[in-house]
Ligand code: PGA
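Read the single chain below, which is given as structure tokens and is the form predicted on its own.
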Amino acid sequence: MRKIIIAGNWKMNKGLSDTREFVKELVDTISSLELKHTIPLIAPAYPFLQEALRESFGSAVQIAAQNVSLHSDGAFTGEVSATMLASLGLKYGIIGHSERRQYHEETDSDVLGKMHKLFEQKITPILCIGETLAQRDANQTAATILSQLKGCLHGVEMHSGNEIVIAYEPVWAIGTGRTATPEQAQEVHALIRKWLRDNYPSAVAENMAILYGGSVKPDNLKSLLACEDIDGGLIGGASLKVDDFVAMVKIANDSLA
């Protein structure tokens, strides 16, 4: 059975005290749950990763970085390396988010380089891919997704399916209130899993968690998780409220019952 990941990407939100209070409440609330194969994960801003790790220590909650540098060390002001993240004990790192691609002009090649940096430190990459509204309207969704998979995973060896997590995020549904229908989301998730099946050992396609990211909230998560190839969510705005986040963790956990 594939694990279900409920991942909250906080982006540039929450300061120190807010981070501390959120994680403490989250840990206290889910401590009574038997989470089975469900993984709650949050990605705070860089300055507060250690505080989140401290508050979540010993719990089921995992902490992720929102990005990582292409460089290992050196004169790169403002950059944070995979080595630094590993020194905190971090286990997950988001790469290729659409906002990094859009605002910082990151390419598939950049994302591939960052993936290797995370691999070197035994940090699991959460690889984001997805199409823009213009690409969807031009019927280029499949071509875009396949191109990103080929570019971001070029030469990457995988055998178990646990090496990375993939997050499909239709850019047109991020922060817009628009959500792909379960059928639209499942169609792309099935495409991704088929590509994995065609390019890697069968275990990779069967075991890899593929998340949906695009205005996920408690109201629509259950219907998304009912789809065969959707294994959780990469969640933005709805992950900033602890009650909503806990509700989604419970929905995910109940879906495995």
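We number the residues from 1 along the sequence you see. Since the structure is predicted, the reported quantities are computational estimates derived from the model, not experimental observations.
We do not show the form predicted in complex with the named molecule, though everything after this point is about it.
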property: Single option in Asn207, Asn67, Ser56, Ser215 placed near the named molecule in the predicted complex, where near means a heavy atom within 4.5 Å; result: Ser215
property: Contact segment among 228 to 236, 196 to 204, 48 to 56, 25 to 33, judged by heavy atoms lying within 4.5 Å of the named molecule in the predicted complex; result: 228 to 236
property: Contact of Arg20 with the named molecule in the predicted complex (heavy atom, 4.5 Å); result: no
property: The named molecule contact at Glu169 in the predicted complex, heavy atom, 4.5 Å; result: yes
property: Distance check, Ile174 to the named molecule in the predicted complex, heavy atom within 4.5 Å; result: yes
property: Contact test in the predicted complex: Asp110 vs the named molecule, heavy atoms, 4.5 Å; result: no
property: Residues in 7 to 21 with any heavy atom within 4.5 Å of the named molecule in the predicted complex; result: Asn9, Lys11
